[in-house]
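Only one chain is included here, represented as structure tokens and corresponding to the form predicted alone.
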């Protein structure tokens, strides 16, 4: 599991060994109650079993250690539960885990963990999106260089740049909401997915069990149909990619030579063991590390979905640590970038200075489009490209080169040319795009 650098305490608690067993015991207790409700097992036996399904009554380490020989956690857990029940009521022990299989307890326990985890992720997603929306509004008209292929392209606003992330994060929230609706379902199929041991009571027990656990009951058991878990993995993979993109942009803007944005400053944050001046983008580093690791884990989930017949051999167990790692890493990246967004340190002076470092070349397209109606787009492109080469070779400002060119001066006067080099004058629909994105933000 990732250590404290790469995740958060709340998610570590959800996926701790103790929590994993507790959620499996929740399944066992609910199963007993559901079967008693339907009349499959005696009510007294169900009461005894449910009372013993308290994780504090179990040696978590011993069960974890025993799982290596058993092949999964459910086998030693059910054995320990049976012993505990027998110590209270020998007659009730025979009804423990009645009609279920190990995969029912393990998969449903995992779904219960994922339900808690997705609620946590949704809250942190809202936190990050809200912080970025606030920053976008705060810097709605602040102009900086837009960059393509790591080169300056056209002026943009910080508002529209950040609003694009808000828009993406809101889509991720929609995906998480969809997962919480369709992927949080009960797994209960018995030994081979038919509930044969429950005879004609299988469907009734399933409904009662789902109601008890507040999980939807799917049309049929999903022992080796892993698409729902893959959907969770892939959705979190996409989210982590967006967080990595945000981290990449922040860290590039924080480079000493660029200096447009810094992560929030705090004592002990982003320092160096040897260089006192360092202000490293540590939040971005955490998110980028997750963005490097998660795609491979998603691929593992997709590979593990190709399972044999009615119970996977090796591929099902491959999921047990893989999906929790994806969730843990995603949560860590989300928390790190929310902290960055909330305290983003913006340097407007450096943005303005960087707009000027190309001697006006960033406004080349603006000049081309101003000339195109009079001389045609191709001719305008050729003329301005030639002027850009001259400006670069001579260390001159593009504005001066254009003003001295009679082909330009016969179309545009000095005032019109000067207006082309106003950063706020060539922003297109930036403001409208930002407002549209923020208007959709809940």
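Owing to the predicted nature of the structure, the values given are computational and were not obtained by experimental measurement. Residue numbers count along the first chain shown, from 1.
Omitted here: the form predicted in complex with a further copy of the same chain. The next part is about that form.
- Listed residues 342, 345, 227, 116 were compared with a further copy of the same chain in the predicted complex; 227 is the one with a heavy atom within 4.5 Å.
- Contact with a further copy of the same chain in the predicted complex, defined as a heavy atom within 4.5 Å, holds for exactly one of 134, 318, 126, 216, namely 318.
- Although the partner is absent here, residue 56 sits far enough away that none of its heavy atoms falls within 4.5 Å of a further copy of the same chain in the predicted complex.
- In the predicted complex, none of the heavy atoms of residue 211 sits within 4.5 Å of a heavy atom of a further copy of the same chain.
- Proximity of residue 354 to a further copy of the same chain in the predicted complex falls within the 4.5 Å heavy atom cutoff.
- a further copy of the same chain is not shown here, and in the predicted complex it never comes within 4.5 Å of any heavy atom of residue 394.
- Shown here without a further copy of the same chain, the chain has 191, 192, 193, 194, 195, 196, 197, 199, 203, 207 in 186-214 lying with a heavy atom within 4.5 Å of that partner in the predicted complex.
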